Ligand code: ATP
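Have a look below at one chain only, the form predicted on its own, in structure tokens format.
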Amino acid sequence: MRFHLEGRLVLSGDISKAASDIPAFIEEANATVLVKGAPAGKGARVGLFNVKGDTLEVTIDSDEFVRSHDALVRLAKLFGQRFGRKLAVGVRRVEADNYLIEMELEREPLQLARIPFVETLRFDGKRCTVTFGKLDEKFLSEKYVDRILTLIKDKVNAQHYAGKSEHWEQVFRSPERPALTDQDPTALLEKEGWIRRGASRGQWIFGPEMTRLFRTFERIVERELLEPLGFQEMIFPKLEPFSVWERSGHAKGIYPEVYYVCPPKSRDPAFWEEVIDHYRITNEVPLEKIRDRLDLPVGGMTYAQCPALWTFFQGRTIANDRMPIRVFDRSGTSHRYESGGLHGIERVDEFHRMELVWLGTRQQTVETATALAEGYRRIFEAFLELDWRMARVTPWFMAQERLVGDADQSEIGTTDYEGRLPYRKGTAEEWLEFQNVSVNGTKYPRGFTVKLQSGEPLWSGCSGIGLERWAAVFVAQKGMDSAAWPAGVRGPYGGTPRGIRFL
């Protein structure tokens, strides 16, 4: 990497009279603070410099060991130490007018990337050249430049990361089991009145028959997984502030899929009187008038369910005798704006699931994941009798955070469980992911500053049981006649309840 910066120190007073002292100061900086922490012969160096009244102009060239923007900040600190008392002059701010960076990428970009704050971005094969215009002190001192360079690398790598199909390895395939139907499960359920579309997009209302099937799945999971492994029930928040997503890592990219929550600017009825009166007169909700009275979003409806739990542990040290911690939540819905991907009950904006989270040492976390994997396999084989498969995949955060192929993180990853949809036979959508188990390593404990009493690294894992997707796979293969269902489901289901009939 190569960095070339044209910047300046803006001072609190004129230093023209001390101009003769500046060459020695620059020489000292080049020999000390600008190479501190770098290998011999590496680091940053001030080349040209010039004194103009209350400004010291400099050009700084560097490598990746001491980047030029960091060098400018170091230079400012040294100036204060050397001249603050002597001249009664301090550094008011640091600025840059031009900044050029060249770096080598791991791969050639497949298309141009758009990056905020960048003046020009050019690629020549794997060679990337970035230029910035005028930059203020906050931009230079708070790692904005470093994050932009990382963002460029991540965007280029993401162009080559086309999704799970490139990082998918089948590890188990059940016996092929004959399906009792070849119909779309959503169409079947809707026709028989077990479900009806809700008033909101991507939302369903589940009748007594379908709700009993959901509860049957839950009872099986409780009996076969949660109780034997000692999982305890908790209630996680369903509104997730941005501060949670910043720590969990979701703030890096979930914006197109979030249902945002905006509080009112005021609860004063007089502030809302025009809105109320407008509706009373027109019988129409004045959306634009409401929008004008909303404050900025504070966050969104729960997206991944488990991140909000981590504020319970945030900044705390957990006692060794409580390890491993195993908890689950089933207290409410999760929400994702699925855009054009809506389909039936398996791809919705509002969905129901049991979220399992566990914390422990590395060994305990991996052991829990293994026990869950064995339990799911037993449920899908002996109880639901599904046609299914299991695959090891690369989770999104590993690709995003550059953990792919890291030997120290080899146990981190996600196992997906996919069920066959007979009505989609021969298509790319024949298999539906309906379950997963993830070992997340130190990602969440590190993000929320959670420690273990012993000092060992704290690891965690999570597993989401999506009830809509379990039902979609089950009904797609087993149909709606509960008398023909496998005994492992038919028994706890107890027969189809008396549903609601319309005239």
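All figures in this text were calculated on a predicted structure; none of them were measured in a lab. Residues carry their position along the shown sequence, with the first being 1.
Here the subject shifts to the form predicted together with ligand ATP, a form of this protein not shown in this document.
Visitor: Glu385 versus ligand ATP, in the predicted complex: is there a non-hydrogen atom within 4.5 Å?
Guide: So Glu385 does not count as contacting ligand ATP.
Visitor: Hey, in the predicted complex, does Val348 get a heavy atom within 4.5 angstroms of ligand ATP?
Guide: Yes - in the predicted complex, heavy atoms of Val348 and ligand ATP come within 4.5 Å of each other.
Visitor: Using 4.5 Å between non-hydrogen atoms, is Gly466 touching ligand ATP in the predicted complex?
Guide: Close contact exists here: in the predicted complex, Gly466 approaches ligand ATP to within 4.5 Å, heavy atoms only.
Visitor: According to a 4.5 angstroms non-hydrogen atom cut-off, is Glu338 in contact with ligand ATP in the predicted complex?
Guide: Yes, Glu338 lies within 4.5 Å of ligand ATP in the predicted complex.
Visitor: Only one of 119 to 127, 77 to 85, 349 to 357, 370 to 378 has heavy atoms within 4.5 Å of ligand ATP in the predicted complex; I'd like to know which.
Guide: This holds for exactly one stretch, 349 to 357.
Visitor: Among Gln435, Asn440, Gln477, Ser62, which has at least one heavy atom within 4.5 Å of ligand ATP in the predicted complex?
Guide: When ligand ATP is considered in the predicted complex, the option within 4.5 Å is Gln435.
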